[in-house]
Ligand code: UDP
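So this first bit is one chain, no partners, the form predicted on its own, shown in structure tokens.
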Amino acid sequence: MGLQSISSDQGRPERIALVSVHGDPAIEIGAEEAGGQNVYVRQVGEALAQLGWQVDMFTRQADLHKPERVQHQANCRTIRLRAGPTEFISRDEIFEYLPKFVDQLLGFQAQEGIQYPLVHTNYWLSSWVGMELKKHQPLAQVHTYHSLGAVKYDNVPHIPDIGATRLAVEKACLETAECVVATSPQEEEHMRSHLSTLGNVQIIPCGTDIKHYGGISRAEARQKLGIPLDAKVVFYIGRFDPRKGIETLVRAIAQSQFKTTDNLQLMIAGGSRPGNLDGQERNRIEGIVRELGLADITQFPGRISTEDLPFYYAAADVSVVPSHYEPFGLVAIEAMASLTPVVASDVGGLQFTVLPEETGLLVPPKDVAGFAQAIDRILADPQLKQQWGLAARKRVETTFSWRGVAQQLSQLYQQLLH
């Protein structure tokens, strides 16, 4: 697919905007509330630019020390807009600043002398921005939810004050956007059962960088990280958030048949700075680790750089994704791309990415005994680990590359524009 096929009437690359209000695509992954959405927007933006689109990615300026514009490559940049305090604000507190964000985006277009014919919004906050922009200019709106409030609120003890607004915005977006992208069949089913039977939905999965993962041997990875070759390594990476189910994993390790051996290691990676919200959850998890007598076999390596992450996946015998709800779960396909089988919760998009008895195992969320048995099954059988790891890598190569995702999105954009 070349530039010519997606050029504007003037022969220049067609301009599109990706909007991710709270998920800064240029931020270091692992910062507070920075995770899969940030990766998705950045990787999709860069892959679309390589296919010939002119991509501008808009996010909220949350740090005065960060530049207002970041050029990622020739046709792809991040633009940070001033909307509210230039400091971190929890996503549940951002809604009141969205009108300012819309004003800033309109002002940017006027200043640059451009107008975006298509805007791809990400998360419900950005969907509101897209729907507001439509009142000022003609545009096609594509939307990716990343998380559905109606499903999320079924899994939390307290619904935030913004909850009713979020539910209304999500429903309106599904019914009015030119297309909503579901990242799995399960997410589409959730949209239909929880939001509305109206609206246009197309399934396009998330992706991963298949060249970045899978090229490091287990022995090489363990040598770099100082892990003995005979160790049995269980790996988690992600935000410290009660909904991520880290407590389930820790309690499962306490029930593992390998707990009494000398070579079981649990690695819980990720998180941001102490004192932040996920710092509080990390403290809680560390308390449970001590209470269960697992401190000697548990490591908290903290935030892992993009360059080092492939070594951790390659060093692991099993990667665990114990989330209570996960619309897709990028971690699962990163692990699979690294030839590491996955034990994951039997929820949402994980039911799509992980093939039970082929690339890993699915367990009901919060099922401590179930997770313990699934983890032990893989740890006890190196041949099974290798077999499932190879199948996992093959599945990612055929279904979940970023270039393949971008090509599907590119075709969708062209259909909507022309």
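Residue indices: 1-based, along the sequence shown. Small disclaimer: the values here were computed from a predicted structure and weren't measured.
A second form of this protein, the form predicted in complex with the ligand, is not displayed here; the remarks below concern that form.
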Position in contact with the ligand when the complex is considered in the predicted complex, options R303, R77, H190, K152, heavy atoms within 4.5 Å: R303
Please tell me which of R166, K244, K232, R282 lies within 4.5 Å of the ligand in the predicted complex, judged by heavy atoms. K244
Using a 4.5 Å heavy atom cut-off, which stretch among 152-160, 233-241, 130-138, 166-174 contacts the ligand in the predicted complex? 233-241
Is V181 close to the ligand in the predicted complex, meaning a heavy atom pair under 4.5 Å apart or at it? no
Given that the partner is absent here, does T359 sit within 4.5 Å of the ligand in the predicted complex, heavy atoms only? no
I'd like to check something about V102: if you look in the predicted complex, is any of its heavy atoms closer than or equal to 4.5 Å to a heavy atom of the ligand? no
When the contact criterion is heavy atoms within 4.5 Å, does L379 count as touching the ligand in the predicted complex? no
Counting heavy atoms only and using a 4.5 Å cut-off, do V39, G270 and L309 all touch the ligand in the predicted complex? yes
Quick one: name the residues from 321-359 with any non-hydrogen atom within 4.5 angstroms of the ligand in the predicted complex. E326, G329, L330, V331, E334
